[in-house]
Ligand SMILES: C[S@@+](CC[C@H](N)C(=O)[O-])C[C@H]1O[C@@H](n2cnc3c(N)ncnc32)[C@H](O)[C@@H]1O
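Next up: just one chain, as structure tokens, the form predicted alone.
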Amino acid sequence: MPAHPDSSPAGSPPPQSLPQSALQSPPLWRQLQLTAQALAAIRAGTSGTAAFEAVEPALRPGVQALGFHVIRWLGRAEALRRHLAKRTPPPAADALLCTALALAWDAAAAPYEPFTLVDQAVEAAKRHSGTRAQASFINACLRRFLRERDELVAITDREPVAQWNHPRWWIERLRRAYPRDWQRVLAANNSHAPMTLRVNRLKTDVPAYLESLVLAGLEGVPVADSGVQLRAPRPVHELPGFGAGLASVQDAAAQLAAPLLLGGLRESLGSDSPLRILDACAAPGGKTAHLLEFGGQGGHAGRGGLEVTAVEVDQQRSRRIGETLARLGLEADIRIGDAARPSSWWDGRLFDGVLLDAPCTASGIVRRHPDVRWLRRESDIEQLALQQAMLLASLWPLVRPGGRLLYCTCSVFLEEGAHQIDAFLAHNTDARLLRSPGHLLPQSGEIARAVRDNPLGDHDGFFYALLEKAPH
């Protein structure tokens, strides 16, 4: 699953910092139209990434910044709309109305003055054929909202979906799984994710890269073993040495995969030969690259180096693996195939280590993909858990005796992590749990700094379990 930064373009300003000139070029009413159209697409099942990519490039940064704000506060907006309108309006009008409510409900965090947002939302309704007939209705709802805002917000404060901006089933599931931490997880999900980099240890190190940031007028702090968290996001082309492969964008929690799988593996196997490593479900290639960097491709940082096979079922996504590795000057054997059906791509030689970054609900990366919470259904968890179990069962025979399999998901749901591994261990007597950080819950901003002994700092939600196969 994806583990890259906030899917808004790196370095685009948050809505709060958009200049007032954005009211004229492009006009705010036009941005609100496009934001509402993206929201309508997401409600119809389109991913946020695809919905915002459909916006013309010149308008995309501003629309995406507004759109992320809307999606993060959609639960509140929908609750307010229910109190303002007796019946749900047509989809296009409802999307525009909820867009305006999500942006204006909290005056302190609103990107523009609420009165301006209301005025421009009504203008947006008048200027689009799909909402023109509802312009008076939208105007009446929003003017009433301005008059009764404090009362309406207080009423919706009592509704969990409005308060936490997650589906009710999601809230209840987290409450049961993490009775002491569920509120912290939900609050972190509604925050902005930082831009975190992984420094390429084959070409530089963290102190040297921090110095290069300073010379470029940027600020960062070290996180994890090879990471740097930027004080503010920047477009990747502004990062020193990015094109030359000195750094990659990768969340701090995602950076644990390579050290967990490879740390001490060569010593435990007693081998000087190149380690044969499989990265299953490998796109877009961030973890594939980290494996090669950490292991020292060609013996640069290890006696025998690594031979990495990267498998991806989707041909288009597999091309991204090649692009990622090419920028970093790395190589892997990239194969197109279903990791759950090895007979279509496996040559029969066992692997020393397998990384299974399994498809999941992505419930741990909601900060970066806020649409996930509204797109997922509770039934998805069971379906994905079955797929994860099938992948584990299919890939375990490919691990050599004494070798390892690292199972991970960017999920906070127990069914996709701890429960999955408990079931696997119960049915595979040749497997033992070597180590597991367990479920890493999202940490964000001040919340992360308040947690003691948190070397990862601000990070996404992940689950890791390292399994070792019994030797003959």
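Model, not experiment: these values are computed from the prediction. Don't overthink the numbering: it's just position in the shown sequence, from 1.
The next section is about a form of this same protein that is not shown, the form predicted in complex with the ligand.
Remark: all three candidate residues (Ala280, Glu312 and Gln387) come within 4.5 Å of the ligand in the predicted complex, counting heavy atoms only.
Across the options 79-87, 204-212, 333-341, 122-130, residues that bring heavy atoms within 4.5 Å of the ligand in the predicted complex belong to 333-341.
Residue in contact with the ligand in the predicted complex (any heavy atom within 4.5 Å), chosen from Ala100, Leu306, Ala358, Leu261: Ala358. Exactly one listed residue, out of Gly286, Gly295, Gly353, Gly75, brings a non-hydrogen atom to within 4.5 Å of the ligand in the predicted complex: Gly286. Contact annotation for Arg317: at least one heavy atom lies within 4.5 Å of the ligand in the predicted complex. With a 4.5 Å cutoff on heavy atoms, Leu275 does not count as touching the ligand in the predicted complex; it lies far away. In the predicted complex, Leu391 approaches the ligand with a heavy atom inside 4.5 Å.
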